[in-house]
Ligand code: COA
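What follows is one chain in structure tokens, specifically the form predicted alone.
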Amino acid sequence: MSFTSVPTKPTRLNRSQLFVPGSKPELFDKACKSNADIICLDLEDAVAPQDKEQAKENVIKALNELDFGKKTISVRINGLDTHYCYRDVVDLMEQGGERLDLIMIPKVGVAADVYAIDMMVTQIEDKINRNKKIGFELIIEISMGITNLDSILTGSKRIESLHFGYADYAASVRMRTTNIGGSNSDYSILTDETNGERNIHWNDMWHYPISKMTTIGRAHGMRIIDGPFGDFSDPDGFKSHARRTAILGCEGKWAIHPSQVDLANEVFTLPESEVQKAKDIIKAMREAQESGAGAATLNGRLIDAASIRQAEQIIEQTKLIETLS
């Protein structure tokens, strides 16, 4: 490991994050009773401009009155380029009580965006003597955000997680697609002719930003969360989409419909077979070290100290799920 350590962040279970429009308070109680690890009450894209103020009142009332149990509660505020943003922060902080855990900041482009929200939150926490410190979630969904990601994560010590926003990212870089996540038949290659046939291989057009976000985000100790999958009538597509981001390093995914919550929990809870494999690796390496060897073999494969670190991550995440779910 490097002599420079990765910063530690608050430990939260974040396999599924259910989004609920602030303008639809009739859905709040259902969200409370869902299996979602985190509930995000949304004041931004899911709320029409004429409904913004009422949505905020609904959210503040919910924070003060609803029983969310042990779920983590987040609110997505409006962007810094709108006149709603500062009042969202002030009103939520001053009127929302202690139940709010996280503020989600959309369309972050530079470190100063996060710094600006931190300044307001810190001053309000001090003014009202708030006991629980607010954490930040950042949505990386514009080209500026991907480009400046490493510096953005120095903008505040409150940042806990990064989330990828498919639709706004696609618009930002002018991708020729209207999909919110998922695949596109145009992003494919045609193989050379073999026996008179040519095959089409579809590729993952979201691989670069997700991979960059996981690599840079983990260097700063962040949770990395996959964003929305727009077609909530396609559970198989959702799970396929989630599995590929789990392999890349994401530990959870958005649910924009209640039906997606259990799908996300399923994908981001490792199967017992994988957990047992991790335990077997640790056991085999312990036995090898006791005999003076630096590496070992397990089921015909080499394992070494790096294998232990991989296995420990799996076991740690499994223990977290067992403890907090």
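The structure displayed is predicted, hence computed values, not measured ones. Note that residue numbering begins at 1 and tracks the sequence as displayed.
Keep in mind that the form predicted in complex with the named molecule is missing from the display, and what follows is about it.
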| property | result |
| --- | --- |
| Contact residue in the predicted bound form, from 275, 66, 282, 27 (heavy atom within 4.5 Å of the named molecule) | 27 |
| Contact assignment for the named molecule in the predicted bound form, among 206, 254, 169, 136, heavy atom within 4.5 Å | 254 |
| In the predicted bound form, segment of 66-74, 262-270, 40-48, 53-61 with a heavy atom within 4.5 Å of the named molecule | 40-48 |
| Interface membership of residue 232, the named molecule in the predicted bound form, 4.5 Å heavy atom rule | yes |
| The named molecule contact in the predicted bound form: residue 31, any heavy atom under 4.5 Å | yes |
| Non-hydrogen atom contact residue 13 with the named molecule in the predicted bound form at 4.5 angstroms | no |
| Contact of residue 311 with the named molecule in the predicted bound form (heavy atom, 4.5 Å) | no |
| In the predicted bound form: members of 15-30 within 4.5 Å of the named molecule, any heavy atom | 18, 19, 20, 21, 24, 27, 30 |
